[in-house]
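Shown below, as structure tokens, is a lone chain in the form predicted alone; questions about how it binds or moves come after it.
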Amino acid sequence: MDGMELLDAIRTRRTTNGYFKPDPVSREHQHLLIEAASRAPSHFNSQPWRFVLIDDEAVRFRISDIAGRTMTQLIDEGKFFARYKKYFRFTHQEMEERRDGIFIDQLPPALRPFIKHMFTDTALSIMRSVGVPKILGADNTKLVAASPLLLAALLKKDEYIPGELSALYCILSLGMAIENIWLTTCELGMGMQFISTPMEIPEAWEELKMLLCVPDDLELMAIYRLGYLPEQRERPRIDWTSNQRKTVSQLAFRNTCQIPENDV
């Protein structure tokens, strides 16, 4: 991959909210993803990451059940919106001005009149009454179950020691390893998405650890779903876009934090 191809991959990398092709991810491509991760920098070349490649249907279905169940619980209890409401945008103008967060541009017709009141108790009651928590949970279950490959990311506990600098180094290096994987999916015609809801509920996360037989010397850090991208991508019933990015002047300073960098 030359410089322009790399920049293209960085600029076009996206989170895949919808379905993948049902085709299994080839063993060759799975190994390429792990090789890409292995090339990430780590402190003293410690390579503290470990990965579980999950293509067994029974295991994927059990994970999908946990993902759907936790999504329903988070929405129904109001925890999801309470935790993440600062990232939600509801108009093009707001998205253009802020240039961050997610723009909720697709909603069922029954919810559109209440979009401005999304985070109120009234809105939550309405969402419960029309079954939104169950709808989102069922959609999430189907989405994860239909993903041909799941990837669990773990860290070695002899390196990842919370409270010590090595833990920070491990998290930094794991982030870089995951980004290597994500950019490699662009090269392979694949997509990728973080499966976030199980880690929001400690009991569900413990259930996942047991399901994956995580040993005492490893810490489960994240799970992703992957697959090949279809030509026609169907969007979920409730969906968002997040293509806006802040400008150079909004992100960077020159020499000290007192001097914003110019965009040109």
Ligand SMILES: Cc1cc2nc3c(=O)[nH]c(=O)nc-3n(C[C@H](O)[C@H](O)[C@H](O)COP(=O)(O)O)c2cc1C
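Bear in mind that the values here come from a model prediction, so they are computed numbers and not experimental data. Position 1 is the first residue in the sequence shown; the rest follow in order.
The following text describes the form predicted in complex with the named molecule, which does not appear among the structures shown.
Taken together, the three residues T15, W240 and R245 all come within 4.5 Å of the named molecule in the model of the complex, as judged by their closest heavy atom. Stretch 192 to 200 is the answer when you ask which of 206 to 214, 49 to 57, 26 to 34, 192 to 200 has residues with heavy atoms within 4.5 Å of the named molecule in the model of the complex. Mapping the unseen interface onto this chain, L188 falls outside it, with no heavy atom inside 4.5 Å of the named molecule in the model of the complex. Taking the partner from elsewhere, I102 is found to have a heavy atom lying within 4.5 Å of the named molecule in the model of the complex.
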